[in-house]
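Just one chain is shown here, as structure tokens, and it is the form predicted on its own.
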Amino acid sequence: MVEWTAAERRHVEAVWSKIDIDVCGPLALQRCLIVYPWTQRYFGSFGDLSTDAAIVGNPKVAAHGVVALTGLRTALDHMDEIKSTYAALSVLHSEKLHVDPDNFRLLCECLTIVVAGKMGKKMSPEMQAAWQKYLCAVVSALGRQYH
């Protein structure tokens, strides 16, 4: 179990309050697929991902970015039970989809870049530290089935 201070909880909530899932989700997944092109292998059913423009204009990529970020948002309401909250998703991604668990970390890195770009100077180092702790807890929970 991850221990959270009151300040960390406030910081994570503050970051989420600035996130528009319908904007940041697609941007984060688009960035991930472009910056780390090997992650595209899990999205063969999404159609054309051959160019940056194709990825950015792909409605399936945008929709899955919203799904991924909506799922990530779930942890905010379950910060004291993140591992159990993501148990089923961990099983799905490991046993059915066979997703490399490092891809969760890559997507979270891209999300942090997107969020920091939107927040600018409002994302203090303390906020970023709490946000990174939150993302690491979720990534660990999603990768739990792989261990």
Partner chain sequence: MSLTSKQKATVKDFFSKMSTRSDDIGAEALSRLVAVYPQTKSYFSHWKDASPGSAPVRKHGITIMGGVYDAVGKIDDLKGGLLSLSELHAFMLRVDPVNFKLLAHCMLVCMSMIFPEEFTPQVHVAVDKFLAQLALALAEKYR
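This is a predicted model, so every value here is computed, not measured. Positions refer to the first chain, counted from 1.
What comes next is about the form predicted together with its partner chain, which is not displayed.
A residue is said to contact a partner when one of its heavy atoms sits within 4.5 Å of a partner heavy atom; residue 31 meets this definition for its partner chain in the predicted bound form.
Using a 4.5 angstroms limit between non-hydrogen atoms, residue 139 is distant from its partner chain in the predicted bound form. Residue 126 belongs to the set of residues with a heavy atom inside 4.5 Å of its partner chain in the predicted bound form. In the predicted bound form, its partner chain lies farther than 4.5 Å from every heavy atom of residue 81. In summary, among the residues 63, 54, 35, 87, the only one with a non-hydrogen atom within 4.5 Å of its partner chain in the predicted bound form is 35. Taking its partner chain as positioned in the predicted bound form, the residues of 111-132 that bring a heavy atom within 4.5 Å of it are, in sequence order, 112, 113, 116, 117, 120, 121, 123, 124, 125, 126, 128, 129, 132.
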